[in-house]
Structure formats: structure tokens, C-alpha cells
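Shown next are two forms of a single protein chain, provided one at a time as C-alpha cells under the names structure 1 and structure 2.
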Structure 1
């Protein structure tokens, strides 16, 4: 890699990553100081710092104040999950997809979500309830809040022809997110929406996505009985 390829923090990160993967720097070994790397790459020290911070967040290096930066002895093995488009997920199973918009409303964010989904206080968010179907059978029930500061075009969309799930994947790119999985028991509402007996254990997930520090959407998805999540590692 030439010096011209490393004039950005991403270019420097790529080169540092190559040295780690090629074992030029061994696990546990201390790597050169920021000032030395900045001189080598002909860039500002802050640019090197940004690249090292990214590697540290990935768990590939360990940084300690006054002790320098070392290659991690046991870097984490991580699976990367993408946000699926539910329509494509259903069609890939050989079923016909449709969705029904049950509710659409502009409202303040519920106080219970303020800690996790930090939108501007007092600002309205777009709230949607959607039921997704596979061959006219309930597939997933969705409750979603959209931050209109992050996706202002959503204010004028009905979401009756395209689901919010699909529209956001295409129009509101995210940088990172938070995902949790859990089980819920079907109460009166969920048993009706998902055609499940009351008390049935249902697979559920909550997801929040951000663009840098700006939250985009908070969604809770609850799936009909028999749903199984599959992914690759």
C-alpha cells in the first residue's frame, strides 16, 4: 500500500489491519506509537488516533493510557447481522407477501423509551403498527417509532403500499444499531393479530438503529408461532 492510499483514517485502518492479520504484529505485541505511525504515513496524529480507536472498538487492539497499544491476545469473534426486508424474507420462503397498516399517528415518544431512543424532547415521532402476512397468514406484528429528524420524508408517506421496514432499509442508512431478542406470551391483542392461543410463547425482537449519534427508528417485532430465526456466522 502506498502512502497516498493512507491519507485517511480508513486507509490507515486498512493497513494496520493487514499488519495484524499477516502477523507482522503478533498477538500481545505492542505496536508503534501514534506519533511514529503519523510520521510513517505522513498524516496528522489525530488521523492515526481515529484509526486505532476503530480497531479498539472492534476488539482487535487494546489501548491503555501511558502503556500504548497492543494487538489483542484473544480478539472477539463476532457475527454481523443485516436488517432483513420482511417482504424478501417471506418471498424467499416461497410465500406471497402483503402487509396491513393498522395504525399511523404522530405523537410524542413514550417516556419509557426516552433513555434508549433519545429524540429531541417534545418532538413528535411517527408511530406505526403493521401486520405482515405470508400467504394471508399472520407472520409478524410490528410496532415502530420513526425519528422524523433522521427520516423527514417519512412524515408524508402513508406506508400502505411499502412497509416502513422496507422503506427505511432503502432510504435511511444506519451506521450502527442495538438488537435484543426475547420471548413474550400472547395476550389478547397478540393472540388476535397473530392467530395464536392466549399464553403462547412468541419470538420477539427489539431493534434501534442510528446514523452516527442520531436515532433513526425503534421497532418491536413479534412473530407468529413457529417462527425460526436463521443467520450465518
Structure 2
């Protein structure tokens, strides 16, 4: 059975996609009901449903009960980013990974983070500064706060062998998080660490993760000059 056969849900999806791309069904226009499509394609309604659900998930059609299915007016430009573990990203590029722990101590959470990262007032958090290398060239600079209430074992770990990121991924899985991307100028410290001219624009990522209501970690990663985060859509 080939993919273009219309009697598999993927085949039906392909055909529906074609009709949308070829503007046979215009944006905003209502498309036939599941039952009608099922009859047309000579398959069960379930199968059409599967195809339509898939299109709805990718945002190409909008579905509402009773109201029917219509082609999305503004196909959301939705992209799935895969944020790799730095070591894996570097090794995938064929380079050798290593990291160096620049700093590790317990300290109160800095006031700027009080809003976003609500740990028990006055409790110390574990602070880590790490530099990630690819073939001995600096790749990314990391500043991380770990909530010891969420990961008490972290207090006794050095994080010189395994990186905090990898340890946390395996030992304190999160349920949800916030992620943001932005640009920063290399200041005094960053330019030294990342071997960049002072003032260079650097790509940065900030992430906070929670396990249910408990914040786990706040991490800010700043990449060496030239870094691009890519994806396909």
C-alpha cells in the first residue's frame, strides 16, 4: 500500500493537504463533514477522523463540534524545536565534548529571580557556573540555580563528571517549564569565557522547569558567537 493510496489515514491526509494547498478548499472555508469524506474515500469515518485530527494538530484546519471543520485562516506558523542536551549536540557534530565547572556554591536566590522561580523564602539554592566546550573551543556558558527542595541529592554531587543538565534530566524529571530565547551583548565576563569580542551579540536561552508546583531549576545558557538554533517546519 503506497502512501498516496487514499484508503489509509495518511493517504487521506495527503489528499486533504493537497486540496488545501491547491486552494480547492479556500482558507476559512468549511470542508465536507467526516461522514461525506468517508463516503467519498470509501472508508470508515474513523479513518477520516484520524486524518482530520492530525491536520488539526498541525494547525492547518480548525475543528469545532457541530460547527464542522474549516481550513485555518492563519495557518499558525508552528515549529517544533528540539532542544538538545549540549553534550549530544556537540558529539552529533563530530566534536569532542567536555565541560568545566567554574563555580559551585549554596546561596540565596538572587532577587531578580524571586518572581519567576519561587523557592521557599530564605532557603539556599545550589548555584552552578559551567562552561561547555567543543573540541576545546568554548561552546556555551551556563548559569544554573537548582532548588534543593526538588532535588536534595544534588547538594552532595560535584557535577564535575556528569553535567547538571544530564543529571537533572535523569533524576528530577519535570512536568512543565518555561522557555525563552533572546540576544545578549557579551559583557566583560562573557567575552572572556566564550572567547568573543566584547559587545558581540550572543544567542541565549533561559529555561525554568517545575515538577508539578515545585520549581526544579533555572538555567541560562549563552552560546558562543555564530550559534544558530535551527528547525524545519
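Fair warning: this is a prediction, and the values are worked out from it, not measured in the lab. Positions refer to the first chain, counted from 1. Between two forms, the rigid core is defined as the largest C-alpha subset superposing within 1.5 Å.
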With both forms of the chain shown on their own, indicate which is the form predicted together with the DNA.
2
For a quick test of reading the superposition: does residue 67 move by 2 Å or more at the CA between structure 1 and structure 2, rigid core aligned?
yes
Superposing on the rigid core, is the Cα displacement of residue 214 between structure 1 and structure 2 2 Å or more?
no
Tell me, please, whether between structure 1 and structure 2 the C-alpha of residue 16 is shifted by 2 Å or more, with the rigid core used for superposition.
yes
Between structure 1 and structure 2, C-alpha offset at residue 44 (rigid core aligned, Å)
31.8
